[in-house]
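Here you'll find one protein chain in two forms, each presented separately as structure tokens under the names structure 1 and structure 2.
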Structure 1
Amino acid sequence: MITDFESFKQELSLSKVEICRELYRQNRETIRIKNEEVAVGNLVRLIDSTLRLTGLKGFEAMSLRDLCADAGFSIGGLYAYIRNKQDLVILIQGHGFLITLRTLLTYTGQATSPHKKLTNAIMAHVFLSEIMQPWFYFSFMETKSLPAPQKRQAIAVEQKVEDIFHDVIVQGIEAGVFNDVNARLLASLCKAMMQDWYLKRSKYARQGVDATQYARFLIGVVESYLGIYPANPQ
């Protein structure tokens, strides 16, 4: 059971290096560097810079020269890790999917009641997107420009996330503990609400709202609609 961001972060312990090591092993054919330690270290800087610059100007507007300057690469060195610019997107995208689905399924699986599954899923999603905000932002913004197979994959993952929410809501309705609402629409709404946390994070920072507060607020809204605390939502 998740209660706040700090404990979630410790439990998950996703270091950049570990993620990039997995990434390196997944993409061994396209990466021409033999030494794993060297490659992993460079991948960390490469992906950091790509996410940062893309967040500022968009992927198309980021030139590979900008990227090299920011990451401390030469243009030739960069091409030891990718075959072309598109490969950067594929590299970044593939990994986040695994983590997202794995995390959501872990935390909904842990819980016993539909109510706890739902609150766990919301918390897990908000907290994960807090840790990996640049990735979530990138993924949202750049999906439309992906080549067809990657685009299909991205849409499928988003659908899968919504399905997780949908199924939990249906379970609760059938068990008689939730109001009889439109589960499909509420699942989409959950996604939309969680999405804003990584799309407009600076706005919430300005309001002085942190990830735990935001997640609890969303949970309050959803609970009141489902009739779980019908009297007085905080």
Structure 2
Amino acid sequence: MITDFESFKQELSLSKVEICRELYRQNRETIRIKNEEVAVGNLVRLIDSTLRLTGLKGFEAMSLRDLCADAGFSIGGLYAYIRNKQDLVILIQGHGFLITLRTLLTYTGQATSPHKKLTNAIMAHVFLSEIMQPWFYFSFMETKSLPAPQKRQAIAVEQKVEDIFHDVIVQGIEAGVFNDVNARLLASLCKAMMQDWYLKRSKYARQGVDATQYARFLIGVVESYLGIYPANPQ
């Protein structure tokens, strides 16, 4: 259950290590480090530094030497994980895809009612994109330049995220607790509104809106459309 942004952030920081562990196991053919614990810790540093530098100067402007300086790697040490920036894009994309799907499935799985599943999914997505805003922005901007297999994977993951929302809405409609609406269209609209949060972050900053306020506002809009109200959750 999601209670607030700070507790969500603490839980996410714990799961990042396990996500990097899975990423390491999926990329054993390119990562030349045998010690799993060392490799996982270095992957966390490498990904954090890439996203930090991307947020500061943009991915295209970031050099591998910049990344080494920020993450504390030597060039040779870095090449034990990636051969070039294309490998880095694939690594960063894989990390984000894993953590996004895992987070949404975890928080929807913790809820028993369609209403709670939907509110958990919205809050988890908005909070996750607040914490990982550089990755979400990076993913949106870099997908078009990915090699064809990774581009297809990115599109498939986007569809899976939308499907999570669609399936929860359908559950609520079939249970008779949501209005009978176009579930696919509403899921697409939810995704677009959540995307607006991380793509146009400065717009909401100027309005003084934080992640919790945005998530609650979006939940309220969706609840109203579905005929569900916070005072009487079903």
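Residue numbering: sequential along structure 1, first residue numbered 1. Whichever C-alpha set is largest while still superposing within 1.5 Å between the two forms counts as the rigid core. For clarity, every value in this text was computed on a predicted model and none was experimentally measured.
Taken from the structure described as the form predicted together with the DNA is structure 1, whereas structure 2 is drawn from elsewhere. Superposed on the core, the two forms barely differ at A154: its CA moves less than 2 Å between structure 1 and structure 2. Taking 2 Å as the criterion, L46 counts as shifted between structure 1 and structure 2: its C-alpha moves by at least this amount when the rigid core is aligned.
Superposition on the rigid core between structure 1 and structure 2 places the CA atom of L56 2 Å or more away from its counterpart. Per-residue C-alpha deviation between structure 1 and structure 2, core superposed: T30, 3.9 Å.
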